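Below you will find one chain, with nothing else, as structure tokens; this is the form predicted on its own, and questions on how it binds or moves follow later.
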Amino acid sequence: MSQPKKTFNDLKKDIIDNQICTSCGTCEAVCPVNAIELKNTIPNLIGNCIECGICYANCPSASFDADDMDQKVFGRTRKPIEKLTGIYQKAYQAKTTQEDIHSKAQDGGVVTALLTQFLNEGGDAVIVADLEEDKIWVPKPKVAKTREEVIKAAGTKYTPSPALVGVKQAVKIEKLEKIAVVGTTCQMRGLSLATDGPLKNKKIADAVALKIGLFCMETFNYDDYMQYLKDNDVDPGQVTKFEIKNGRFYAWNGEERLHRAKLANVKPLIRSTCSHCTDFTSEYSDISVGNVGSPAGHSTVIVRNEKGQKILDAAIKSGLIEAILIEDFDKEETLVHKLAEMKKSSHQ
């Protein structure tokens, strides 16, 4: 006997009301009648629900089967050495060669350089996390079509930006046919459901040509985050970059350090939904990038499939990126593996 179909009412009861909604925007992106809209990062019903069940089936907090998705996305199950990192082919330490990218980017500038390569190869647009123009550090998805727009959006925001709302804008509204998407672990899971899940969206599946995942341990609640800064005599409007490195949280204004704190001090800011996530390395992307496991000024890059390898090779060949293999990655002894294990063990 088949299970009863779950609709937006169930999504609200099971996910939103239980505060495990990741604010990825997948439900809004896949709704066939555009009846769902995120308001202040929370999905709301703004039209007549036709009770199709597509929103629930595509929610990464509700309907995600990791083993099944391994098969659908990569065509195989993971090997024992991939239990912490997800399926991959190779791992690199890398950095961009472009100074204008490096000066704006979070670490090695690899994500921005890969997106630049994608656009140079004829991609229509890339979905990135930009900032609201008239608000302070409020992220928003951006359909970026030029190198300049991509560089402007570089840098980690640490609060949620609904990447899939950007996908909706690009695919459903602007009718773009070839896009790349950058996102955190939950966003990559939502996107993978939309492109490869049991109730996938064909338009999105056809348009998404590249998925770039970001390493992510957790994100902060925006209101609490801004209040924390003010309580510590930091004007959020003066901050040009936030950073988590070597067990410390930093706020910078250019080269001036405005704030430094132990990670324990910012733990209360973490969103409740993050306590349920066991994915550190964005396991369901084509290529994953993070700031741990490589020297300062570099990024760790995990290539997961041929799409990921092809874009990295092209960026290296065109002179946008320098990269060397991490030879001992398979030994599972890197900081990437340590943090991935920590997330899986503490969040299960």
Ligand SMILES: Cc1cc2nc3c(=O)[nH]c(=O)nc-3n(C[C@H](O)[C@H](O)[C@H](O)COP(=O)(O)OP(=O)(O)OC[C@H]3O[C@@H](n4cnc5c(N)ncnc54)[C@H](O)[C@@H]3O)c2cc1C
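Here the structure is a predicted model, which means the values were calculated and not measured. We number the residues from 1 along the sequence you see.
Form predicted together with this ligand: not shown, discussed below.
Which residue, A314, A35, V292, M69, has a heavy atom that falls within 4.5 Å of this ligand in the predicted complex? Among A314, A35, V292, M69, a heavy atom within 4.5 Å of this ligand in the predicted complex occurs only for V292.
Please pick, from A91, V208, A105, A251, the one residue with any non-hydrogen atom lying within 4.5 angstroms of this ligand in the predicted complex. The residue from A91, V208, A105, A251 that makes the contact is A105.
Select, from the options 265-273, 168-176, 111-119, 190-198, the stretch whose residues sit within 4.5 angstroms of this ligand in the predicted complex by heavy atom distance. In short, 111-119.
Even though this ligand is not shown here, does Y222 get within 4.5 Å of it in the predicted complex, heavy atoms only? Y222 lies outside the contact set for this ligand.
Look up in the predicted complex whether H259 has a non-hydrogen atom within 4.5 angstroms of this ligand, and give yes or no. H259: no, not in contact with this ligand in the predicted complex.
Determine whether any heavy atom of I87 comes within 4.5 Å of a heavy atom of this ligand in the predicted complex, and answer yes or no. It does not: once this ligand is placed as it appears in the predicted complex, I87 has no heavy atom within 4.5 Å of it.
I'd like to know whether Y158 contacts this ligand in the predicted complex, with contact meaning heavy atoms within 4.5 angstroms. Yes, Y158 sits close enough to this ligand in the predicted complex that at least one of its heavy atoms falls within 4.5 Å.
Can you name the residues of 266-286 that have a heavy atom within 4.5 Å of this ligand in the predicted complex? Contacting residue: only F280.
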